[in-house]
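Next up is one chain by itself, shown in structure tokens, the form predicted alone.
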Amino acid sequence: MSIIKAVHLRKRFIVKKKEPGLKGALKGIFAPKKIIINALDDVSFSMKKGEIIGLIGPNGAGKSTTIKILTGILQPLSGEVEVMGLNPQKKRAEVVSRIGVVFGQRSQLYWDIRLGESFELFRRIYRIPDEEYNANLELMDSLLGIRRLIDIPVRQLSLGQRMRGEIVSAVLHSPDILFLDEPTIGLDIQAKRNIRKFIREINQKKKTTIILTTHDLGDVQELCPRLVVINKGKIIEDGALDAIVHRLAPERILQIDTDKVKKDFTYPHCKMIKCEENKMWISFNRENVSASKLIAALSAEVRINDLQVKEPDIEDAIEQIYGEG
């Protein structure tokens, strides 16, 4: 049974088009030109409990609009949506009580009070029992070291510390579903590592269903076994990360260290990319050539001291997906 189901979702926005200059500004006041933007155009997908998906796409693709419809913030123009068997627009209060939401560029914490006081407010808003609240806070501390921060006013927290606070506040009530919109944006490497570790742990320990939107390829690679790629309001890919990369970037790179390179080496379905003094780089299509056969053919002609097979570049694959949309 699907915990999230979106069927043929459509959403349009009417915006005013601004023209340059004083004449354009006056025209915008008295006779504005309006254009229709199809934010979502027949979007359908579903999720099972405990899944993590990466909802990715370029800016303006429809990611945030999709999340806002799933959380009941926006009303779709047409189509059907169910979250835990409920319509989030008609049963918003019930749905909100069972989900957590983090928008990376928008804070839900109270800036002028201590972080711990913000947590206490969320405890009262969601009516979290003391035992559950303390257990969840203990888990959050073990994963994110949050107790070191609870006596600091939110306005004094660094970006990485604040993001940890944002995520903790979103999961204190043990939500069934967690929506994370750019949770690692602007963070340093260590902060990103902490957030990613938390996402994995909360999914594994509590079976929390997670939708993650991100532009960070590290997030995608480390967290998202499944991708839903949206572009111009349409879903253009929905499947396993490995399968998508395999289909769009089937070429692998064999790098070998040798005593003497052989620049004229050829093998069916392979291409010499580069040669240096003691190194050779050869691309090959995994559909047509196995690495073992290519290595055997090379070893018959040159001495192989060391070798490395590089997998397809996920960044190239995703850029290609965007280009197809």
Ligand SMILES: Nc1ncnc2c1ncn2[C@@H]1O[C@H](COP(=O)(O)OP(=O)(O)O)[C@@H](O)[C@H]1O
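Heads up: residue numbers just count along the shown sequence, starting at 1. Being a predicted model, the structure only gives us computed values, none of them experimental.
Below, we refer to the form predicted in complex with this ligand, which is not included among the displayed structures.
- This ligand is not shown here, but in the predicted bound form it comes within 4.5 Å of a heavy atom of residue 59.
- Contact check for residue 304: every heavy atom lies farther than 4.5 Å from this ligand in the predicted bound form.
- This ligand in the predicted bound form is not approached by residue 283, whose heavy atoms all lie more than 4.5 angstroms from it.
- Although the partner is absent from this view, residue 39 contacts this ligand in the predicted bound form, with a non-hydrogen atom inside 4.5 angstroms.
- Exactly one of the stretches 64 to 72, 273 to 281, 296 to 304, 42 to 50 approaches this ligand in the predicted bound form with heavy atoms within 4.5 Å, and it is 64 to 72.
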